[in-house]
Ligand code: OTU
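Shown next as structure tokens: one chain only, the form predicted alone.
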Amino acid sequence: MIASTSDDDRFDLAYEAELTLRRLLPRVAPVWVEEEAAPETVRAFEVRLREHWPSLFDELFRLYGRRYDFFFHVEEMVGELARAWARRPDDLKVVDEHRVNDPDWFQSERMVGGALYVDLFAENLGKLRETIPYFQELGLTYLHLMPLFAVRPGDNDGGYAISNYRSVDPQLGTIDDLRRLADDLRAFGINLVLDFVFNHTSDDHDWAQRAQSGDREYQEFYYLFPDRTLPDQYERTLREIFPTVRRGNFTWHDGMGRWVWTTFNNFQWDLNYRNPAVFRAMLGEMLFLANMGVDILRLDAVAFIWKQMGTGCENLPEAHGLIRAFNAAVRIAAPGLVFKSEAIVHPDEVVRYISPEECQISYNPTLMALLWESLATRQTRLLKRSLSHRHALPENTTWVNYLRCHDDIGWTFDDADAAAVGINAFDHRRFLNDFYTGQFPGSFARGVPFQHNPDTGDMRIAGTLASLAGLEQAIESDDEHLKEMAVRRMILLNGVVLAIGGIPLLYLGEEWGILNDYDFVQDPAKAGDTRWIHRPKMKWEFLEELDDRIASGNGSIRKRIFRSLQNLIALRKREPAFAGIDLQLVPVTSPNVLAFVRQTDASRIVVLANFSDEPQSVAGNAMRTAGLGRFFEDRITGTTYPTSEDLGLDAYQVLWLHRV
């Protein structure tokens, strides 16, 4: 009889875990023979298995322990872990060892990220390998490739409808091309980041195809219903993610005569993680990617992976248990791999996914939203309120901070934080939507709506960094002052993200100030998704504008944006104070200025950022006490400031001050 999982019986559960492990170890022996594993390979695996098995068994038992086939799945899973470790390339095992001994490796000030779609940036993986010198020139050490696996033809949600996790989209190359790219990136000190779409598969994935053919085993990989009885009960508490695409969360399938759970699009079938066979299958896909040389896996749509009647089926405790189980398994067979959480939910829920036992890295959607909020209002009160109690994270974890990504901007700040600084959250979100779609008088932004739900008023914003910051408007009007203000806004935002703590992430193309691409509507597969407006094709001819002989027109603006960002990245990578995420806000009298201190034992930087289009001043005495000095030099411009007088900031200026 298996012990229960109540707190009073945890000792019994620990005993069951140890007893199960003793029984399993002899059954793994055939794997070592089959894989011709060296004795040191076996020893290393068994050491880590013993270390992480109690956590893994605990999570699996809580999820699946009452199933009759629990031990069968556990035995098969341990064999798969052993097989994956035996096949792990030696150079990756060296990386594993370094990272186990340095769990903060991804918190270095030298970590600077870029994200891209392979086809839009370089056509295919082979040509992408040729662009590695460009990544080095810009200063990147972290490269996130948007989904590149085989997908369904036509609309595939930007690559998030996966047909095969072990096959690259033929238009991009082959799995061997991906392996060679990973090897080359590693040789040049650039970490490879890929998406792991694990809430759903495409409807043409092999598992879904088998389900459609009537295979009961694979029908249990998904949520299928013969009529609307249960779907209607679930719908009472579910929200709609893409309301302009379709209403509801279920899709009728004529061939099977079943309703399929499809949270996102009707061709994306939600996986049934109540079935341990799904966990095992997805773990196998995860370990395959780890052995390809992937350093960080972005766990897509983590909030949705567990379903429970009567709830919103988001952020449930079992979802966290699943991620912890995946994490514990990876610590055994690919210990150098790190998880990045993609949870665009309430700030209180975002942080629940972040821990060494769950996701070591997380997107920081609240910071992104509030940087844009501060730019629209010229005020930093809501940003400072959020930073005062939402920036800190557990040890050995960090944020990924970004201004734009492949996705939309949602206003994911906390209503209570807004109320604490005198803001009505509902009205404020309406203002921000109006401002960033250019509807508010005096707005500089040129964003477009994404997924406007007229029933709830919910709307998100699509647009490139440059178009949202005012460059599109300025170029349209050919107004030099507006161009200057737009460029300053872009430098300001990048200056904050690179300094505030965490891994800064740039959506590639933004380093050139690329504007909205309105031609996306000409592609039928993209026309219904306004996010393609901020996913333009890379214009390699811009590199010619780095030639110093080009000094006028829009080319000069692009060169300035690129060189400014390149300089900020280089400065960041030389400044130990920018490692980790520790941050101390500095009180200043101007409501338009954000001020904070970043420091380590070796260095101390005071960051000032003016979100206003008017000059601001900061008391020199405040800087003296914050930076512990009488004279400061701005790392960015080299200008020296005495603290015997107030420090002046130009419109949209950012300073990185260090003591001299």
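All residue numbers are counted from 1 along the displayed sequence. Fair warning: this is a prediction, and the values are worked out from it, not measured in the lab.
A second form of this protein, the form predicted together with this ligand, is not displayed here; the remarks below concern that form.
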Note: this ligand not shown here; in the predicted complex, the stretch from 406-414, 74-82, 316-324, 166-174 having heavy atoms within 4.5 Å of it is 406-414
Do all of V400, R488 and W656 end up near this ligand in the predicted complex, with near meaning a heavy atom within 4.5 Å? no
Is the gap between E342 and this ligand in the predicted complex 4.5 Å or less for some heavy atom pair? yes
Please determine whether I475 contacts this ligand in the predicted complex, using a 4.5 Å cut-off between heavy atoms. no
Looking at the partner-bound form in the predicted complex, is D300 within 4.5 Å of this ligand by any heavy atom? yes
Heavy atoms within 4.5 Å of this ligand in the predicted complex: does R186 have any? no
Listed residue that, although this ligand is not shown, lies within 4.5 Å of it in the predicted complex (heavy atoms), from Y273, F304, Y507, Y223: F304
Position in contact with this ligand when the complex is considered in the predicted complex, options F520, W207, F264, F135, heavy atoms within 4.5 Å: F264
Out of 136-160, which residues reach within 4.5 Å of this ligand in the predicted complex, heavy atoms considered? D157, Y160
